[in-house]
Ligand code: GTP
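Here you get one chain, nothing else, as structure tokens; it is the form predicted alone.
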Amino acid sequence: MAIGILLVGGFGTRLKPLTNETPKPMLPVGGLPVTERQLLAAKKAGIKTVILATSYLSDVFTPYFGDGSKWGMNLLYAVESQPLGTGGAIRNAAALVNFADSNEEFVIFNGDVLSGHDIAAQLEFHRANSADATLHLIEVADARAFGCVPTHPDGRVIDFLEKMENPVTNSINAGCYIFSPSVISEIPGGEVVSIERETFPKLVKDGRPVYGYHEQSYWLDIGTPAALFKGSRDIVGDGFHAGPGCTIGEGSVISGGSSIGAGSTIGVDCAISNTIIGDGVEIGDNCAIADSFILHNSKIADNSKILGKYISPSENLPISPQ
């Protein structure tokens, strides 16, 4: 059975200030952290052992996920003392399971992607082609903002191309990769390596079997506040989501795909729209909140008017989620 690696060590710079106190993959979308949604997707594909490759605010992950037994999984943690890039992080994480002696594939997940694609089908495609590496590819309407990945009709990757004004294809790298152990063995240990700019192009140049698995499923890079809010709304729908143990006061109206974390309390006569509220939040009476992110354990006073803000127990900062 394959082993999963979640790349969750990034700084989340484009998501500031939401990532000031929380690593990007632990931000909630639709009531659950992004990482938890990825773990559930991995489990659905039959992956039971997953390594979290962490760096920035790494101590946030373990208290929440522990050893993974709550999800019926085995979770391991590879903490980077300094960021090693995507390739270096993969090599560092795989060392926890003696990858050089393994016959199991490694499924790599970018920690800032929501994807509904069929991971089990991607694995089957990888094995059917005896591939060294298989990438999930999707078609976008305009590939100019992305690097593109042209393929032969059978799916074999021809090249990895940087952003260009006139892309040769609209197929882009969707951020889920399957590697044979031999590919990981060739990544230098303890060095900063980019899998996208170094490892993949070298594999193709060397004539190695690198394939693109095309599946046009739901996909979203949640790298900005606007994208994070969109992802949460996509999961929740038009109404709202309330986690277990929430209390919502009489006369309060919650809408616009808002989500409320576990154990939070909403006072009476509040109006809340397009807002992500974490766990254990206390919101007073007669509050109007829109387009905002309220971090876990925050307290909002009665009669507060909050528009486009990041609120935490220690910070109150503007954001632009639209």
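Residue numbers run from 1 along the displayed sequence. Owing to the predicted nature of the structure, the values given are computational and were not obtained by experimental measurement.
From this point on, the text means the form predicted together with ligand GTP, which you will not see here.
- Although ligand GTP is omitted here, in the predicted bound form none of V236, H241 and L295 has a heavy atom within 4.5 Å of it.
- Interface residue remark: I119 is not counted as part of the site for ligand GTP in the predicted bound form, having no heavy atom within 4.5 Å.
- Contact check for D112: a heavy atom falls within 4.5 Å of ligand GTP in the predicted bound form.
- Contact check for N173: no non-hydrogen atom falls within 4.5 Å of ligand GTP in the predicted bound form.
- When ligand GTP is considered in the predicted bound form, S180 lies well away from it, no heavy atom lying within 4.5 Å.
- Residues placing heavy atoms within 4.5 Å of ligand GTP in the predicted bound form fall in a single listed stretch, namely 80 to 88, out of 163 to 171, 127 to 135, 80 to 88, 208 to 216.
- Heavy atoms closer than or equal to 4.5 Å to ligand GTP in the predicted bound form belong, across 283 to 316, to no residue whatsoever.
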